[in-house]
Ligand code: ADP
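Next up: just one chain, as structure tokens, the form predicted on its own.
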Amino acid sequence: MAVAIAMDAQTVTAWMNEIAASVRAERDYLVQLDAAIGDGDHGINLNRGFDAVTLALSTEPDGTPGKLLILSGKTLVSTVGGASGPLWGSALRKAGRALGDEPTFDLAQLVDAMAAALASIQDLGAAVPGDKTMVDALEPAVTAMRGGLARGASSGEMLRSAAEAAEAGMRATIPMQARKGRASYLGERSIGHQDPGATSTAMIIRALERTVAGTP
């Protein structure tokens, strides 16, 4: 039986800060990946967006976890161009609504929130696994989280398996031909390139793992 942990607003803020630091560190790598099959601005856009998120959250010290995720999503929509702003913005808002107004949330609620985020992205982008998008990283991560919850895994085990699943999904995009987004315009020329959206998504899940690992 997994040990129950209670996550709160501080967890959400720490997660967003961890994402911002990860994206900042890998900004040029994300730009390089996107330059091969997209506009080349994915790393720049996400860096600007999550820096804005950390600033916005710093002014909301008394927000609930759900409200902070909603604020994060709204901030991404208003500051990030391209597809990643609307997609992750919608995802975080839906995740926040799934958490509601409670001051804390547990692993089951975290899984439900991440599932809501995935559903939002798929509704907005109409992508499925195999389309060479961020869904190829996020869907296996959510599946791994659900599996970990069902077998009573610890938070660390659950999120480690989710991060590994996301990274495996990210690597699996390399031989795929893009069927959605700007990369789809390249047709067969998109084959052989790792999808930048799947890459940043795997970074976001790994940031979640590191954040929750530090939750008492």
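Just so it is clear, the model here is predicted, and its values are computed rather than measured. Throughout, we count residues from 1 along the sequence that is shown.
Note that the form predicted together with the ligand isn't included here; everything after this is about it.
- Of the heavy atoms in Met145, none are within 4.5 Å of the ligand in the predicted bound form.
- With a 4.5 Å cutoff on heavy atoms, Leu138 does not count as touching the ligand in the predicted bound form; it lies far away.
- The ligand is not drawn, but in the predicted bound form it has no heavy atom within 4.5 Å of Thr79.
- Contact between Arg27 and the ligand in the predicted bound form is not found at the 4.5 Å heavy atom cutoff.
- The chain is drawn here without the ligand; in the predicted bound form, the stretch among 128-136, 70-78, 89-97, 104-112 whose residues come within 4.5 Å of it by any heavy atom is 128-136.
- Contact annotation: of the candidates Glu60, Asp39, Glu157, Asp51, the single residue with a non-hydrogen atom within 4.5 angstroms of the ligand in the predicted bound form is Asp39.
- With contact defined as any non-hydrogen atom lying within 4.5 angstroms of the ligand in the predicted bound form, the contacting residues in 187-206 are Asp195, Pro196, Gly197, Ala198, given in sequence order.
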